[in-house]
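Listed next as structure tokens is one chain, alone, in the form predicted on its own.
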């Protein structure tokens, strides 16, 4: 099980502080949504979890060990704009990561190893609802199908942490709802911790077990030019959602389910 620990992390670019004094603990199998105004450092924080950026101060731990300083297969990522290879078929996209891991020199496997990876890839393609599209290229897929492909591609590497950077923001509402159902199922079935950046509070309250808000607390002009955002709210949703217990998602069908107050934690559970 994968736990994340963020200890007094600051991120600066020259004289500009983007994030200041970020500390939090993320429990194994949690689904954390990061919300806040545009430009408050949510994506920068996600990039630090991925390893694309390094904290200026502080440290990030993965199961008690320092986070590797570069992206690796232990952390998968899905972006808003479809992060798939346009020159590969659906099957080729899903097989690419495992083949590269198995044969770094050639990036391609043969024989029994290739048959095993292909079988796993076809199973994953079916899991995300793309069965029958294995020979199609990304340009032949709808936006929702491309995001399903991006999820399959990331999950094939069996990441301990799945990072989502506004992955559903460009989708039509109906397709987005379908992807939400898929995301809930995958989180229940796959042993991983999820951290998602979103601007959509309804999406955050629908999917997450916990919502963390980033905001700038200094408002004077000279402070805005220098100081960044920090954590201002940390809400554990109520009733608790636990991976593997799908019945907790039945609250999505309750009248008034879109009212955030309905899901606010009782006194003592919000930190």
Partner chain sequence: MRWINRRPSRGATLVLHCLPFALLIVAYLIGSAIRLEANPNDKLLPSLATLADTVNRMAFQPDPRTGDYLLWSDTAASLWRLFAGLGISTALALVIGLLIGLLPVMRATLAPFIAFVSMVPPLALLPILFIVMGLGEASKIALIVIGVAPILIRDLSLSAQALPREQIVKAETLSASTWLIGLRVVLPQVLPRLLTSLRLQLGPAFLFLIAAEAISADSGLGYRIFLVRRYLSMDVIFPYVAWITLLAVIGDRLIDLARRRVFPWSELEGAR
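Positions refer to the first chain, counted from 1. Fair warning: this is a prediction, and the values are worked out from it, not measured in the lab.
We do not show the form predicted together with its partner chain, though everything after this point is about it.
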| item | value |
| --- | --- |
| Every residue of 216, 219 and 228 near its partner chain in the model of the complex, heavy atom within 4.5 Å | no |
| Contact test in the model of the complex: residue 75 vs its partner chain, heavy atoms, 4.5 Å | yes |
| is_contact(residue 181, its partner chain) in the model of the complex, heavy atom dist at most 4.5 Å | no |
| In the model of the complex, residue 54 touching its partner chain (heavy atom, 4.5 Å) | no |
| Residue 201, heavy atom within 4.5 angstroms of its partner chain in the model of the complex | no |
| Options 169 to 177, 126 to 134, 94 to 102, 186 to 194; stretch whose heavy atom lies within 4.5 Å of its partner chain in the model of the complex | 94 to 102 |
| Sequence-ordered list of residues in 54 to 70 near its partner chain in the model of the complex, where near means a heavy atom within 4.5 Å | 70 |
